[in-house]
Every structure is written in structure tokens, then in C-alpha cells.
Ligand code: OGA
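As C-alpha cells, one chain now follows by itself in the form predicted on its own.
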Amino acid sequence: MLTAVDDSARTRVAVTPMKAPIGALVECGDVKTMDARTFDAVHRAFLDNLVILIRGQDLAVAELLAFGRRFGELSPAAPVHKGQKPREYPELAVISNVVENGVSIGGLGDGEAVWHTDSCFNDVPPSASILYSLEIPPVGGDTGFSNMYLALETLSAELRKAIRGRTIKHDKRYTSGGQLRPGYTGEEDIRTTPGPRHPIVRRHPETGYDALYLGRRPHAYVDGLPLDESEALLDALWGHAADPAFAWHHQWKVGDILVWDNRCAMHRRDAFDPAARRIMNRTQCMGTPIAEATGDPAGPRHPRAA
């Protein structure tokens, strides 16, 4: 369950929950110089609120990665485009639509990114994602977050029964940006394509609370069901999980850091003008194998799901 934080650290960290069931503004000074007790309070705010916003930072790449490592061991970032040269910082991903000398400097472009959980198609998905803004468009590009503790808590009894003990197959044919990986046609049977199976209800390894874990809607399959029944169940689950009542949307400023918990939150991005520039630096922390929730479905609730 959640751990206590030294009261002296609280005096150095101000946590203001958003007027939504997810997210908090955390005022903690310069993240480059925070001591261990201050970080403990920041980390507690992260577990309590699923997403934290820290504003007004000025970080070189190495400093962002050092901050990210405080949340856990960093994972290597996937290449953003074919033939990408080796990078100075393998744990850094540049999220950008900017093209220089005919080459994209980053990935994920300027289009809408629908609700999803990062890298659910990996055997062990990341725990935390840390995203830092360098350039932002004048309009658009907002990032939304949705509380999957609350989505599970408010799930109907019928859907709870339907997903009990079930897993979702997360298709590995497609990249995070929706591109088909080499060697696939997109016509393969989803029931037999490569990809991990994760429990639909997972237990958070640090908080001990249960959350809905859906990953991505496209190319997903509920194991053991006929395809039409799988599609119907996924549609019902996503129709519930995407309820705006569970969400908060962030409008970026330069120097913002967002840290979110992929184990209990989904996120999305609004599209923006392709002629505008958007440059973000991102790093992610390695996760742990996903544990299925096996306790009482009416058991303890996370504070932001109460």
C-alpha cells in the first residue's frame, strides 16, 4: 500500500490535485537539486494522483534522464524512424513533428493519438513515462489522462463478471505510431499473431490497488472468446473507460514535466497544426511483470477512485 512521507519533506513540496479525478500540480523547486526526502514526497504525489505536473524546469538531456532514474531504471527508447543512427542517449525519445534536412528529428508527428497505455505490446510494459516540453504549438497538442482505478471501480457488475480472470492479447505487429512492423501484412489472424497477454484487471505493485488495463483498442483480442464476442466486449470496456468523467487534460507550457503511471492511467493527445513546431523529450522507466488482481472486487479503493 502507499507509504508515509517524512513531514519535513511536505514543507518543501506543495501538491495541488487537479479539479478532476486524476492529476496534481507539484511545486518542488528545481528537480535537478531536490534531496531524497523531497523526492520521496514527489513520488508519493505520483502514486496518489497517477499523474504529476512540475512546471518551470530547465533541463539538459542528461538532467532529464537523471530525474527519470529517480522513478526507476530507464528503458532504451525504440528508434523513431527506419535507419536511425545510434544515439548519444539511448534512453531518450524525441516526440516531435519537426523535420530537419529531410529527416524527422522525432516520432509521433502531429496527429491525434487516441486513448492508450504506453507499450502494452511489450511483455513488461513501462511503469512511469516522463515527458518534458521544449517547444509547443500555439494551439492544440494537449495531453489527456484517464483514471483506470476509477474506471474499474465504476464498471458495471455485468462487465466485471465478463472480464473476471480474462486477459487481452496485445498485438505486436504494430508500432506505437500505428505503423506495421516489417514482415507483416496486417491481414494475419489476431488470435495467433505475436504479442503478450496481460490481465484485464491488474494489481499495482506499489499501491496494492486494482486498475483496469486495456492497452490499446486497435488490434486487441480478449483471449478465449470468438472474435465477435471479443470485439463486443472490448467496445463495451472502451466505451466505459473513455468516459470524460475520469479524465483531465493538460495544456502545455515550455518547461513543463509530466510524469504518469502507465500501470493505472491511460493518455491521449490532441492533433495540432502540422506547420507548428512541437518538440518534447521523453524517457520511460522499466516496469515489472504484470500481476493479475485476485482479491475481492469490492475491496479497498485508491483515494482517487473513492
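Sequential numbering from 1, following the sequence displayed. Owing to the predicted nature of the structure, the values given are computational and were not obtained by experimental measurement.
Although not depicted, the form predicted together with the ligand is the subject of the following passage.
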Can you pick out, from L131, I200, L92, L234, the residue that has a heavy atom within 4.5 Å of the ligand in the predicted complex?
L131
Find the only residue in D171, D118, E153, D110 having a heavy atom within 4.5 Å of the ligand in the predicted complex.
D118
Just to confirm, W260 within 4.5 Å of the ligand in the predicted complex by heavy atoms?
yes
Within 4.5 Å, heavy atoms only: does T143 come near the ligand in the predicted complex?
yes
Would W252 show up as a contact with the ligand in the predicted complex if we use heavy atoms at 4.5 Å?
yes
Which of these stretches, 277-285, 23-31, 40-48, 65-73, has heavy atoms within 4.5 Å of the ligand in the predicted complex?
277-285
Any residue of 255-269 that, in the predicted complex, places a heavy atom within 4.5 Å of the ligand
W260, H267, R269
